[in-house]
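Read the single chain below, which is given as structure tokens and is the form predicted alone.
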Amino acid sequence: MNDKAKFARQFIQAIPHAKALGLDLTHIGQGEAEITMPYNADLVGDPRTGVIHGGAVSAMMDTCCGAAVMSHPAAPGGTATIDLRIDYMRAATPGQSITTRATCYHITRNVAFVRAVATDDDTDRPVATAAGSFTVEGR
């Protein structure tokens, strides 16, 4: 694992909300990241349906996008969210983990641009998509 990926992994492990959500960084490198959040009844937004709250999905997507930026070859260090648009396509299936895959596809001197998709077991039908911009720190 290169130093950037190691730094991003350590950073995510130190974020209190990442620990509370049970986020597991399953892949990182070259401007890409993947994070899985296991189903947890404590994160359900509506007890009648058992669906995970959208805020938990949002936090996972934001964290995954930041990790993608931090692992990009042209990114010198940390990052912070400037803007993140999330489009919710459907409710995640109760009982299933949710996985986000993010790609940092462009970096300027000060801003990184990222796209992400969150899915449950039905990978052909996204739960949510995201597009965001993040700071490029350390240049």
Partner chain sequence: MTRKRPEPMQVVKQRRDAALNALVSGVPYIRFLGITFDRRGDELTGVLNFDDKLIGNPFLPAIHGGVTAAFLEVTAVITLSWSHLFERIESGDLAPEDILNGETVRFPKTIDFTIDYLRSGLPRDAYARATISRAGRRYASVRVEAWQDHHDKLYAQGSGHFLMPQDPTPAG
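Because the structure is predicted, anything quoted here is derived from the model rather than measured. Numbering follows the first chain given and starts at 1.
The next section is about a form of this same protein that is not shown, the form predicted in complex with the partner chain.
The partner chain is not drawn, but in the predicted complex it has a heavy atom within 4.5 Å of Thr63. Proximity of Gly77 to the partner chain in the predicted complex falls outside the 4.5 Å heavy atom cutoff. The partner chain in the predicted complex comes within 4.5 Å of no heavy atom belonging to Thr103. At the 4.5 Å threshold, heavy atoms of Ala56 reach the partner chain in the predicted complex. Against the partner chain in the predicted complex, the set Lys6, His27 and Ile107 makes no contact: no member has a heavy atom within 4.5 Å. Contacts between stretch 9-23 and the partner chain, counted in the predicted complex as any heavy atom lying within 4.5 Å, involve Phe11, Ala14, Ile15, Pro16, His17, Ala20, Leu21, listed in sequence order.
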